[in-house]
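Single chain ahead, by itself, as structure tokens, in the form predicted alone.
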Amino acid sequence: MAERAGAAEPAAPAARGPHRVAPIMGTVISIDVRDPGIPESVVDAMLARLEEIEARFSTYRPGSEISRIARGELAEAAASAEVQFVLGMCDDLHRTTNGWFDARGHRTDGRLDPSGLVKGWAVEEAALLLDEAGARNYSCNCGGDVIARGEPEPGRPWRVGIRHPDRADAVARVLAVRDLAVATSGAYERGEHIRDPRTGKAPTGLLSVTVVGPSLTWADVYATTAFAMGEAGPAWVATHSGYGALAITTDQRLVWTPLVEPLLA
């Protein structure tokens, strides 16, 4: 049976913890806990935490802090500590990536959009609740951004399917992972929302970039940045210790960096 793109494989019938699928943040999150004894209330708290983050950071909700800042109705200095923290991270990344990570559209449309960091960070924040509850074997998949901890069953890794960017029902490749995060960036889900900061136009060379590493926050950031860079992006990801990239080029080639090689299933 083929893997569902961007998701860990289905649960085994053995005893396990909660399993939940819910709409959130404009996509769907799937939480699959394999440790027995983890209460459903922890998953409820995770979803509430994600809803709280979405209410603050959504670029689609007119009443969010991000939307209000973008319209000039809320000064950043008057925003919540969480929003100030995230926007500060985005500004640091803009500097350290020489403008390739750009949450403010400095050289393009000037639109405030920290989504390239927020989704991965949000899922990681929510997953901390599972860690605190004692879960050690679980996956959280939010629109193809995945945290995979431990194993679905002893001796077997989580299998994460990477969606083919041109075919929503097709898996381009499968990664076998333990205690890793996987984030994918491309134009197929939200359209051409990532821009080359030098030209203001959509990047060229790649259809999608998938980044693997220990943190979903940084995997998400690096995937966004690498996609903006185009063909140079995967090699740039590999300069960051513990992170690797797999990309699909516009001419349908699959390329990857050395860290990804042993993860290919």
Partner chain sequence: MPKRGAVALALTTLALVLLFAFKTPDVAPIAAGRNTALVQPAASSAPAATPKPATVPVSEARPAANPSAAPVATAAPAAGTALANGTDTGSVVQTRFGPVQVQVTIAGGKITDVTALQLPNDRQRSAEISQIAEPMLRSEALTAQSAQIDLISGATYTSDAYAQSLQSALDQAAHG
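Keep in mind that this is a model prediction, so the values were computed, not measured. Numbering follows the first chain given and starts at 1.
There is also a form predicted in complex with its partner chain; it is not shown, and the following applies to it.
### Message
With the partner left out here, check for me: in the model of the complex, does some heavy atom of Ala81 sit within 4.5 Å of its partner chain?
### Response
No, Ala81 stays farther than 4.5 Å from its partner chain in the model of the complex.
### Message
How about Ala70 - does it come within 4.5 Å of its partner chain in the model of the complex, if we only consider non-hydrogen atoms?
### Response
Ala70: no contact with its partner chain in the model of the complex.
### Query
Should Arg178 be counted as a contact of its partner chain in the model of the complex, where contact means heavy atoms within 4.5 Å?
Contact check for Arg178: no, nothing within 4.5 Å of its partner chain in the model of the complex.
### Query
Should Asp166 be counted as a contact of its partner chain in the model of the complex, where contact means heavy atoms within 4.5 Å?
Yes - in the model of the complex, heavy atoms of Asp166 and its partner chain come within 4.5 Å of each other.
### Task
Counting only non-hydrogen atoms, choose the one of 89-97, 121-129, 154-162, 72-80 that falls within 4.5 Å of its partner chain in the model of the complex.
Selected range: 154-162.
### Message
Each of Leu117, Met229 and Gly244 within 4.5 Å of its partner chain in the model of the complex, by any heavy atom, yes or no?
### Response
Answer is no for this spot.
### Query
Since the partner is left out here, which residues of 170-186 would have a heavy atom within 4.5 Å of its partner chain in the model of the complex?
Stretch hits, in order: Ala170, Val171, Ala172, Arg173, Val174, Val182, Ala183, Thr184, Ser185, Gly186.
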